[in-house]
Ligand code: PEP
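The chain below stands alone, shown as structure tokens; this is the form predicted alone.
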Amino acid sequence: MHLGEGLASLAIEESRPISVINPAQHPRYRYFPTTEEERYASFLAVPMLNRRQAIGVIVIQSTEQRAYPASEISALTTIAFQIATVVTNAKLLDYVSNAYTSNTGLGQEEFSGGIRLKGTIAYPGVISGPAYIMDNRCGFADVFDEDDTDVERELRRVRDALEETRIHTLMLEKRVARKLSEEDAAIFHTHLMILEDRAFQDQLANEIQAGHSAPYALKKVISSYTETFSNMDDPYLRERATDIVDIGRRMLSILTGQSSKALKLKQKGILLAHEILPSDMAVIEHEKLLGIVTESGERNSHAVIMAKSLGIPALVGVKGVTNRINEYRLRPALTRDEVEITMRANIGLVSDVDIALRNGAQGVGLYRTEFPYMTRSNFPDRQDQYQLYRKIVESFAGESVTIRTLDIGGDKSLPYFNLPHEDNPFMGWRSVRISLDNPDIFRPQLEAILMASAHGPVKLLFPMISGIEEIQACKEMVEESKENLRREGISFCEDIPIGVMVEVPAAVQMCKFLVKEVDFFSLGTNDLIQYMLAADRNNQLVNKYYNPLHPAVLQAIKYVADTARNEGKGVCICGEMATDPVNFTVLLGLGIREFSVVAPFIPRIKAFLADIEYTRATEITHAVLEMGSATEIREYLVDALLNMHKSGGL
């Protein structure tokens, strides 16, 4: 189905939910016989929006004739937002590759960030995901000989280990045959033949009778077999040394009482290891395995053969990969010339917390509190909000959490709070304007945020501020809320930092006055760009005019950043502008040191930072600020980044 046809397409075109009773009677309805959709009497389509542009649509249909209530539409809108974020993040790697590696050969080289490493392609594919490091569990390196061994006891230990390993091998064979094929499982039949081989058993017994312990005897025999196979000319036979190591490792784990456990992946990711053995591939959760990268091994290893059967991309012979990638998400956010940058996360739901922590966020730069409101059937009371905010604050263990007060209106509505019809809701009754007009809603939230500040560093952020009167009114409400808590004997942070979102042109012009009233600015570039350029990204007729690199936008950000810096106040970029490396270079050059983005972008921004010098970004930005064309600015920036790569900077 193409754009311009069908009800689902209508939701994408208009970037709003479409709810229809008896959809088959709608003029935009298109029928596909194979779907058997004629049995549905109700239809709901909700667009998935990224930067307010539709990138997909979620459709729900029901056999009963019903109008979907606002609460269900609101809940599905929240879900669509979360899915759109995931899809957008997945596309980032492809974007970066197209923007910076086209015709440069960058993909074939290592760079100073240490993330791009070379190896041999065993099975092709393009993947992106978190890395999991598999350690060398129960290796022979730690096995030493023992004195005064009991020969009979050691022989029994070997016999028992052989039997238990055989049973384990049979289980692995059946598991792989069930999940993959009999052909893939045949490797474990080979393992059984080795375990039952009289010569193998006799060599183990001979080493024990010579006075060695069972583990050391196993080490000697496995080493002998491995050396024999490794010296063979045929690459396939040479790779069978891995099978011997696999058998030996499993037997050793039994002898030492360290029975190996199945490797667990918390989420889908890429497995990095010195070597992946067939038994590793047999027990891992294949549906979570996006790819494998090994330091040793060849394309004929059984682990790789099994990966091919699963369609899992594999790269082998990548030297030092387990040392170079380990704990990458926790690397400091430093430029190449060691200027420290703070990378925080934007969050909206409790589920975002774990994602932020996994990606190494230094706290929260923007907590959008309206999303929990959107998933409820009524306004949460003070205690409910306090418990929620407290959980968020405590999860970040001492890192700063910036909580923005309720920001509804525009494209965000609550099913239990009726907003008036407005011709232009984005410039109407929304955000802090609603809060100030509804103190019974505003005050409980302020008190809940203050209560949460007793459990960790919290910053209080007010959205959509356009003048002094608004921020002063907000501060008065904060003082009233503090006094209420004092009367109740409830503890809170007395000097909680207060900030404003700079997201309307009036706030830019007023920032020299606003800076006297607050402790920090948060630059909400999403709305700021839209309002400054009078270009709704949701409107396909004008979204081409929405340009973060428009000279007016850059000059406005510079003015706000300079004003805050001159007054010793903080400034943080909280919009999606910072997720584009081209834009990020300019923001860095403007002297901005704190950013808050969707969490999965953080590791990639850190990698970008590691290969750009702050001083060079400043020089580039100085040149950009003298330009009057957004097209000229982007071309200059792309050329500058490519030149830095050629000179060893990127």
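Throughout, we count residues from 1 along the sequence that is shown. Predicted model, so just to flag it, every value in this text is computed and none were measured.
One more form of this protein, predicted together with the named molecule, exists but is not displayed; see below.
- Remark: residue 527 counts among the residues lining the named molecule in the model of the complex, judged by a heavy atom distance of 4.5 Å or less.
- Among residues of the shown chain, residue 537 is one whose heavy atoms approach the named molecule to within 4.5 Å in the model of the complex.
- Looking at residue 460, you'd find every heavy atom of it more than 4.5 angstroms from the named molecule in the model of the complex.
- In the model of the complex, the named molecule sits beyond 4.5 Å of every heavy atom of residue 363.
- Between 354-362, 179-187, 204-212, 501-509, the stretch whose residues reach within 4.5 angstroms of the named molecule in the model of the complex through a non-hydrogen atom is 501-509.
- Within 4.5 Å of the named molecule in the model of the complex, a heavy atom is found for all three of 404, 412 and 574.
- Among 191, 250, 368, 344, the residue placing a heavy atom within 4.5 Å of the named molecule in the model of the complex is 368.
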